[in-house]
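There is one chain below, alone, in structure tokens, taken in the form predicted alone.
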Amino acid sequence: MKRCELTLPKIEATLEQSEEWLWVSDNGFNKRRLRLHDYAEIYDIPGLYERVFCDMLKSRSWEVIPSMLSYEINKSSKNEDSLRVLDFGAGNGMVGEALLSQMECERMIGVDILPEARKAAGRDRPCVYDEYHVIDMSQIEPATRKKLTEFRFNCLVTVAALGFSDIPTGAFVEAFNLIQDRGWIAFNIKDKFLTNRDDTGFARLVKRMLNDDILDVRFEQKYRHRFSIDGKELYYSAIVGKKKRDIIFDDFNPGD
């Protein structure tokens, strides 16, 4: 397959992350505009995700979150169960691969809504996941939930997928509730979702998690997630903790 040429656009106004785009062409021909959140198209081209997000935009989250999680686990009790990980929003497997390079995992199960993501993970990182499921967690079937429950997950990892339209609040809740109590939770979220200026359902849920009896936070740190297409630094917060209880609807109900 020919190597694509990538060109960042010259823009006058700062775009939201979900609106960012670039030019993709085949040796200068067939030039087309591709949104950075068009993950299905990006995953279809081998190596394109890494070139765009890692090489051009210097994304760090795929290695930062696994490193912080492994650090917290290593300094905790040595008598804990081996990890049974749910990599939620697993994409092409970069996060799962990074975690496996630092921790021994009894099971590594990937879940993503995109069949293109599972295809990319199987193509590029075939040895990372014990199983990889394409599931819409916001509309999960009872039989599917039962199957996932049987894995007895004690670790949830989700990276660079929360707070925008990629993963709805209800889908994250379903994934969170699959984790056993006292299991590890590791995720990142754009810093604006933790400010008082944001009052969306997801922002309310995360604030409630951090200030209530849902999550025992062991580590929280703001860091540079990546650069925007116009060169600005984009900051996220990394959060690692241990689950206290399941999330219920009232935890993020607009009326609470």
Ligand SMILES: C[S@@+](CC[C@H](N)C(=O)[O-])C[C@H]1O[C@@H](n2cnc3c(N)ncnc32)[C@H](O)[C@@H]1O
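Throughout, we count residues from 1 along the sequence that is shown. If you're wondering where the values come from, they're calculated on a predicted model, not measured in any experiment.
Keep in mind that the form predicted together with the named molecule is missing from the display, and what follows is about it.
S.K.: Among L178, I135, L100, I73, which has at least one heavy atom within 4.5 Å of the named molecule in the model of the complex?
M.R.: If I apply the 4.5 Å criterion carefully, the residue I get is I135.
S.K.: Name the single residue among M108, I185, A120, M94 that comes within 4.5 Å of the named molecule in the model of the complex, judging by heavy atoms.
M.R.: Selected residue: M94.
S.K.: So, in the model of the complex, is F202 in contact with the named molecule at a 4.5 angstroms heavy atom limit?
M.R.: Close contact is absent here: in the model of the complex, F202 is far from the named molecule, nothing within 4.5 Å, heavy atoms only.
S.K.: Tell me, yes or no, whether A90 is in contact with the named molecule in the model of the complex, where a contact means a heavy atom of each within 4.5 Å.
M.R.: Residue-level check for A90: yes, a contact with the named molecule.
S.K.: Counting only non-hydrogen atoms and a 4.5 angstroms cut-off, does L86 reach the named molecule in the model of the complex?
M.R.: Residue-level check for L86: no, no contact with the named molecule.
S.K.: Should I113 be classed as touching the named molecule in the model of the complex when contacts are defined as heavy atoms within 4.5 Å?
M.R.: Yes, I113 sits close enough to the named molecule in the model of the complex that at least one of its heavy atoms falls within 4.5 Å.
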